[in-house]
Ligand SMILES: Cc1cc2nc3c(=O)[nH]c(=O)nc-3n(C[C@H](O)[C@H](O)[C@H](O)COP(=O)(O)OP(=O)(O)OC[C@H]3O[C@@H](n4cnc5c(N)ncnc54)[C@H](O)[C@@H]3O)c2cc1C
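This document opens with one chain alone, in structure tokens, the form predicted on its own.
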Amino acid sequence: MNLQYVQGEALFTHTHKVPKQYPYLTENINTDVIIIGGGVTGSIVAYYFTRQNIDCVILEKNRIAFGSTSITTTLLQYELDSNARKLEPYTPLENSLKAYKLGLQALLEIDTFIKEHGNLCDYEKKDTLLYTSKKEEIAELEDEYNFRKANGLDVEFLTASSNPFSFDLKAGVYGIDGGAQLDPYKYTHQLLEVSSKAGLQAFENTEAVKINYLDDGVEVETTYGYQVKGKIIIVATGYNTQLFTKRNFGVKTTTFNIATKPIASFEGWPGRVLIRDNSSTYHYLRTTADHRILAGGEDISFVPDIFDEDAALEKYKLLEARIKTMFPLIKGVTAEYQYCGAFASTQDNLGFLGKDPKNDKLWYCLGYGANGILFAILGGMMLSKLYLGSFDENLKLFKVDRFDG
């Protein structure tokens, strides 16, 4: 991950010891599926493929889970970045609803994984809150609530008079069991540990530098001259896709995060639910297993190879001030970790899953938007089935070329 994609000291990678160091590639090897990217997305893909007894190799150019994975706040919610009605110019309402329900399916997949393999990643089911403090947005949130309720989603509508939180709320869509949270660094390592026992080979500090497409498969040349040959390659590199395609996958912004020092009490925040506001550049908050507040937002346009440290410090101050304003009863709010990184969004808020339209040996699992981890899970499920010859109709939602023409 290039420096412009991640800046600062990320909470999850700076509060844990490395549970396992993976080797770098020192010989030529063969496999079925080559996964490029050793973050949470690549690890999810590897889990679902190895579960189907498909031989896989992961190549990570830096350290496992130290790229975009390290800065994700991991507010896992079935809802999308924008409300369904706002997405209508780009995708029909039924597609947004389908995405909501697929998000719930992905949340259940995480729950199943934890039940099978243990909770080694601070996983918690959570209720969710989408809210506004603006009177002019009440009707918009009420419409979103009615859309979800009418389609069987478990939601409640909050008003100023029924607001249980300490911050100003004019309207809110409260989702019952609508989300989850976990530690993405621990989750990535747990996935890799499970998959390694099933045959996965994972290599870190092993950069793919050239891709050769052959008649009978694909060959990846890596640093130090070693090669991996396989039948297909799956790109799970997040926003760093230049080696594989000239396609512009999404609009990049830089998003900012802070994590506070541990908090003694969370008065004014019942259930420590996942919170997101309805602003066009929204803010989001969650808590952690070690009793911190993790807040993010204040996005700005992404500029490659340029990092404005003064501007970042100002954003961190704004996030800390927002926490203090929202939760005046919570004492000792002080940012301990401050970091930022690239975030990409698409017109319909969905990621890209599937084959390259011009190269059937090049596949993508790119979980763009706030639901990146959930999209990665859906990608792992559907792409592993596709490899075995079974096409899931839901893949059409995530087509790589859906914005072409």
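Don't overthink the numbering: it's just position in the shown sequence, from 1. All values reported here derive from a predicted model rather than from experimental measurement.
The next section is about a form of this same protein that is not shown, the form predicted in complex with this ligand.
Contact check for Gly354: no non-hydrogen atom falls within 4.5 Å of this ligand in the predicted bound form.
Of the heavy atoms in Tyr284, some are within 4.5 Å of this ligand in the predicted bound form. Remark: Thr50 does not count among the residues lining this ligand in the predicted bound form, judged by a heavy atom distance of 4.5 Å or less. Interface membership of Gly238, defined by any non-hydrogen atom within 4.5 Å of this ligand in the predicted bound form, is confirmed. In short, of 75-83, 324-332, 309-317, 121-129 it is 75-83 that has heavy atoms within 4.5 Å of this ligand in the predicted bound form. The contact residue chosen from Val45, Leu374, Leu350, Ile34 relative to this ligand in the predicted bound form is Leu374, the criterion being a non-hydrogen atom within 4.5 angstroms. Exactly one listed residue, out of Asn278, Thr206, Thr288, Gln190, brings a non-hydrogen atom to within 4.5 Å of this ligand in the predicted bound form: Thr206. Residues of 15-49 that come within 4.5 Å of this ligand in the predicted bound form, judged by any heavy atom, are Ile36, Gly37, Gly38, Gly39, Val40, Thr41, Gly42 in sequence order.
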